[in-house]
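Next up: a single chain in structure tokens, the form predicted alone.
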């Protein structure tokens, strides 16, 4: 039986120290417990999950669980030390979940088939974005619980949420059933860092001090509170392994393609990125952090767009920048190592189509946010983006061309 959470010998703050952020400036990458993590907020995370789970003809929840299980198993295993006893290993998993901003799990009775969650990133995010959609929403937590059993006990289990705070429960509850099968931590894909072509690309100039923004954001403590949430910039943030996002998007497109619906799948992923840009960055632009750090740099409207690009680089999306921009009309962006393109190469090899669905949507969404008028609904779809080059296709960089629709 798993030891109780209250054992005094387990120093949770010392365990949290294992998750210290490492930022790789030349690649604009954030690393926690051996995994590259991407900062996104509850708007994007909830929307991408709802997009995948909302298609009736595929197992969307299974896609989310599998991607989460594989990536988090590697991350939990990395964070565990050889000298950790079993009780400590379960606390490592609990604290990693909280550190990343996904909420507060109680795994003390996991071996008895019971897990509870007292706070959840998706509970908060779904309530804001889709308040009228009353169904259990903590699929990522299900995958994380399954990952914990793989990393800690080498066992395959099925974790399912039976009660959810989003549906009115006092806490989220999960059942855990052991399948009887052994399971190993899946090997990570062979990593591709990408070839930096930045010295060969001339980026557009602005009044924004990109490096000052990146330094300031990297210096912020974007880590879970005691309840495991990260309220910052007017939104709830989370640090998610890039492998989770890539696993979800790649399998979603593959499953939809089997149904002859690839274009629908990629359009939905684009729309999630577009919504991310408008909702996430709108929240950031209304935050005290923006007012203190970025607002003093703004001299004209286009500076806002350049500031958003710098923020996204600080959030670990990769290294990208503006190469050409006609305010209110067009935008060209280049990405030197976007996590989507490299993730596809690592897991599937060379692609025949561009693969940066999130960055495509974000490129259009930023133009709509900065230059659009009216409500978000009025702005949505008013700019069109084409990814003309993509590292996943063998190009040296990814290129995004945005025009008025």
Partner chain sequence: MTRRERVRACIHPETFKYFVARDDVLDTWSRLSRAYGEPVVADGFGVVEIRHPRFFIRATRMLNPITVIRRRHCTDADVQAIHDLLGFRPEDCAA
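These numbers were taken from a predicted model, which means no experiment stands behind them. Numbering follows the first chain given and starts at 1.
Although it is not shown, the form predicted in complex with its partner chain is what the next lines describe.
The contact with its partner chain in the model of the complex, taken as any heavy atom within 4.5 Å, belongs to 124 out of 303, 209, 124, 251.
Among 193, 291, 86, 263, the residue placing a heavy atom within 4.5 Å of its partner chain in the model of the complex is 291. Comment: 280-288 is the region of 263-271, 100-108, 280-288, 178-186 lying near its partner chain in the model of the complex, near meaning a non-hydrogen atom within 4.5 Å. Here the marked residues 52, 115 and 141 all miss its partner chain in the model of the complex; none has a heavy atom within 4.5 angstroms.
Proximity of residue 236 to its partner chain in the model of the complex falls within the 4.5 Å heavy atom cutoff.
In the model of the complex, its partner chain lies within 4.5 Å of some heavy atom of residue 43. Among residues of the shown chain, residue 128 is one whose heavy atoms approach its partner chain to within 4.5 Å in the model of the complex. In the model of the complex, its partner chain sits within 4.5 Å of a heavy atom of residue 225. Contacts of stretch 145-181 with its partner chain in the model of the complex, defined by any heavy atom lying within 4.5 Å, are made by 165 alone.
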